[in-house]
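One chain comes next, on its own, written out as structure tokens in the form predicted alone.
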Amino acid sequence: MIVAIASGKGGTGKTTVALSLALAADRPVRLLDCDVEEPNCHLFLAGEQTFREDVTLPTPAVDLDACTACGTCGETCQFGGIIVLPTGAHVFPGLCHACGACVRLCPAGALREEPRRIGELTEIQAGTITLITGRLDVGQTLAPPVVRAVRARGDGEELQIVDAPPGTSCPVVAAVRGADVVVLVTEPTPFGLNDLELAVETVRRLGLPFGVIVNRAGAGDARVHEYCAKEGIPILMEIPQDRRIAEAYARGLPVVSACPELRPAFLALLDRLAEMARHAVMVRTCGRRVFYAVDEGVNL
């Protein structure tokens, strides 16, 4: 089962939830930190590094002796990654999206692809948790390829928990696509509600079953609960506003260590998410579109 933890904004507690689910699970887990611009799951887990590799993109290089300056590659590139001067074509690697069109369409065969590093993957083993972390290099802008590289390290035989980037942009879509169920973490504030609405629209467009966790419950107002009731979105869990949680997080300790009474709740949440995923599969098998209902807190 693949569980993606997402949110419409940063700071709602995605990593808190992802780590807590992984630590509460009673079986091997692959924790995929797809927040590649600011990964932080490794700050809470001590383990031995077992794997590392560069993430690269195939980027065009120009053979100026063969280039006829015909302009085909510059006209083809939709991102301004190549310009053609009288002296030949020139590549701006930072703008290249690695689509390969310029190489394939060059009539003179003057372009070839060379690997360009944009980030790295690392893997550590911490007890029953295998943590795969993606990290985008400073100055690089294409996070989705690094996110997809992290997702590719997932093992279909194990529980996978995906710590997605915040927001609703392309890296988030790359992280949650293909998940069996999505957990949207929010907070009971006007900002939390606004960005939750954006996140809900995103996962609905992707056709993924989902529910909501309200973090820092009791610190705001009831508008998030009212919105979820109106939209038929199950609230899967509430994490209380507790100073112990904040202090533990500041010291690099997981929530379930500071508040062990929450461990059974996260374990029960895993069972509930598995039930949601099974219902979604049944609905898709019947050829019906997934819809969302409050009934028993399960997405049907």
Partner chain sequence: MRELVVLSGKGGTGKTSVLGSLAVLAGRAVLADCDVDAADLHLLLHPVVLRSEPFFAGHEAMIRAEACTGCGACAPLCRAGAILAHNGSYAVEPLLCEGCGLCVRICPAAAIDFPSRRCGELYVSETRVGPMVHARLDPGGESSGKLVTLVRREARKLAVERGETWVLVDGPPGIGCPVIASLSEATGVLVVTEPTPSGRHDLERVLELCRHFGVPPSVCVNKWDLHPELTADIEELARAQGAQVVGRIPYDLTVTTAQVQGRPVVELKGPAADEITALWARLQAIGGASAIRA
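No experiment lies behind these values; they were computed from the predicted model shown. Positions refer to the first chain, counted from 1.
Just so you know, the form predicted in complex with the partner chain exists too; it's not on screen, but the next bit is about it.
Contact with the partner chain, judged by heavy atoms within 4.5 Å in the model of the complex, is confined among 70-78, 224-232, 83-91, 149-157 to 70-78. Taking a 4.5 Å heavy atom cutoff to the partner chain in the model of the complex, the contact residue among 121, 206, 217, 126 is 206.
For the options 212, 111, 136, 179, the one in contact with the partner chain in the model of the complex, meaning a heavy atom within 4.5 Å, is 136.
Although the partner is absent here, residue 43 is a contact residue: one of its heavy atoms lies within 4.5 angstroms of the partner chain in the model of the complex.
Of the heavy atoms in residue 275, none are within 4.5 Å of the partner chain in the model of the complex.
In the model of the complex, at least one heavy atom of residue 251 sits within 4.5 Å of a heavy atom of the partner chain. Contact check for residue 47: every heavy atom lies farther than 4.5 Å from the partner chain in the model of the complex. With respect to the partner chain in the model of the complex, the three residues 21, 25 and 116 uniformly fall beyond 4.5 angstroms at the level of their nearest heavy atom.
With contact defined as any non-hydrogen atom lying within 4.5 angstroms of the partner chain in the model of the complex, the contacting residues in 3-29 are 8, 9, 10, 11, given in sequence order.
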